[in-house]
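Here you get one chain, nothing else, as structure tokens; it is the form predicted on its own.
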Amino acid sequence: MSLPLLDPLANENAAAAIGRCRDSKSGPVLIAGGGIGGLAAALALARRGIPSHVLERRGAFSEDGAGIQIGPNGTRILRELGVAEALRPHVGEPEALSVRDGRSGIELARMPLGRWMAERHGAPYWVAHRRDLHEALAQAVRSEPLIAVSFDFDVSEVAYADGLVGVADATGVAWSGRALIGADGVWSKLRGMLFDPAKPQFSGKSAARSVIPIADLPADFQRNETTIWLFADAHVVHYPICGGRELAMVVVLGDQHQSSDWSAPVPPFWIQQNMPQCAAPLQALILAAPSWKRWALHTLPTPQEWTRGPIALLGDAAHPVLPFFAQGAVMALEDAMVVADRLAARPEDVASALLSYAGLRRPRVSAVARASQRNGSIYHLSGAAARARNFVLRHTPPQRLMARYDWLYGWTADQA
């Protein structure tokens, strides 16, 4: 989609911010959004000597959610950003991925993680509470002199001219910089303003999450492993987080209730009523969950463009990914590294640097999005197709099953 240039006169406060600062070389990179992607981008830029200014619409850093899986392609980045050691005490490093039939409880496959994964890819496979990952990034941001942070700032105006970009909020507060990165999530305001007005579309499925103290659970659920239970049109995944003290659980179900709420409380009986008939141990685990929060799963085609002059999108704002491949947050981490590398390599031509970033990232994130959709379809098969899937899982060597994802976990920033 071809878009006209912004008229700075139609965005008076943002244009005024440009007028107050005419030095595009020393200006910071503005980052709209203080989530995982935005904070990682700020840190990646700082590691390359580039100042940034994070603009967070909320009054403080706050990351909701529960469990998050971070493959070697993500933990490698956390190490490079200098946050891995702070996060390490709060993570789990599961030894295996157990895939089970949800109705019978029979294990279909047991694939290696742990030492096998770390040795194969040079970085571990971690599971963590999303809150802990966000806090590790936030702590690093607070201690970095090249990063400024402003809270209670919700971008409502954007203008750019002469190599500078300006933003303003509804109160007239304005900032300027050499570039603007929109890291404001799947419901990105900047994407709608500047690139594509299309709204995310409800997928017909929702996910509900809960966290349970592991000490309260039977021994079968205290194992250091990630487990996926497969059903027709549903699945459950759980793994230890918070240094092995808690179990994060996510249930994905068919649903008709569309919402943009990321943390809508739902009563336990909603999960119990909507779950298919399941194996007794899993049923007991679901009953043990004290509370649940639900979010509707949405899809959105990647915009034809996600850069425009000195402006670019990052993470879910650019390419939302369904959560069937455990890669949404990691794709934002990868984006952060690549956009920082490109801006460092072409400091005199920000627009060209951002175009290069988008061109490098599009094939990768498109492949991950397709793989996630494919995983979701495979997880939720029924009848003869499910039996064929189960046969393949039971009779394929586990290492061969995991080796199919070398292209995913083996990624490094210097490959971009």
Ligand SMILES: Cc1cc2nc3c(=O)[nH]c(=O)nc-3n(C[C@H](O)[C@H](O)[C@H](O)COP(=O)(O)OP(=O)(O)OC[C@H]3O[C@@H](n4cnc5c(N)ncnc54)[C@H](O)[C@@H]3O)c2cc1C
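In case it trips you up, residue 1 is the first one in the sequence shown, and so on. Everything quoted here is computed from the prediction, not taken from an experiment.
The next section is about a form of this same protein that is not shown, the form predicted in complex with the named molecule.
* Segment assignment from 84 to 92, 111 to 119, 314 to 322, 195 to 203: heavy atom within 4.5 Å of the named molecule in the model of the complex -> The contacting stretch is 314 to 322.
* **Any non-hydrogen atom of Gly163 within 4.5 angstroms of the named molecule in the model of the complex** => It does not: once the named molecule is placed as it appears in the model of the complex, Gly163 has no heavy atom within 4.5 Å of it.
* Distance check, Gly177 to the named molecule in the model of the complex, heavy atom within 4.5 Å -> Result no; Gly177 lies far from the named molecule in the model of the complex.
* Asked: Quick one: does Ala96 come within 4.5 Å of the named molecule in the model of the complex, counting heavy atoms only?
  -> The answer is no: Ala96 has no heavy atom within 4.5 Å of the named molecule.
* Can Arg209 be called a contact residue for the named molecule in the model of the complex at 4.5 Å between heavy atoms? -> Output for Arg209 is yes: heavy atoms within 4.5 Å of the named molecule.
* Asked: Every residue in Gly33, Arg58 and Gln69 with a non-hydrogen atom within 4.5 Å of the named molecule in the model of the complex?
  -> All three within 4.5 Å in the model of the complex.
* To do: Go through Val155, Val149, Val338, Ile228 and name the one with a heavy atom inside 4.5 Å of the named molecule in the model of the complex.
  => Among Val155, Val149, Val338, Ile228, a heavy atom within 4.5 Å of the named molecule in the model of the complex occurs only for Val155.
* Out of Trp295, Phe221, Trp292, Trp270, which one falls within 4.5 Å of the named molecule in the model of the complex, going by heavy atoms? -> Going through each option in turn, the one that passes is Trp295.
* Heavy atoms within 4.5 Å of the named molecule in the model of the complex is the criterion; list the residues of 337 to 367 that meet it. => Heavy-atom contacts to the named molecule in the model of the complex: nothing from 337 to 367.
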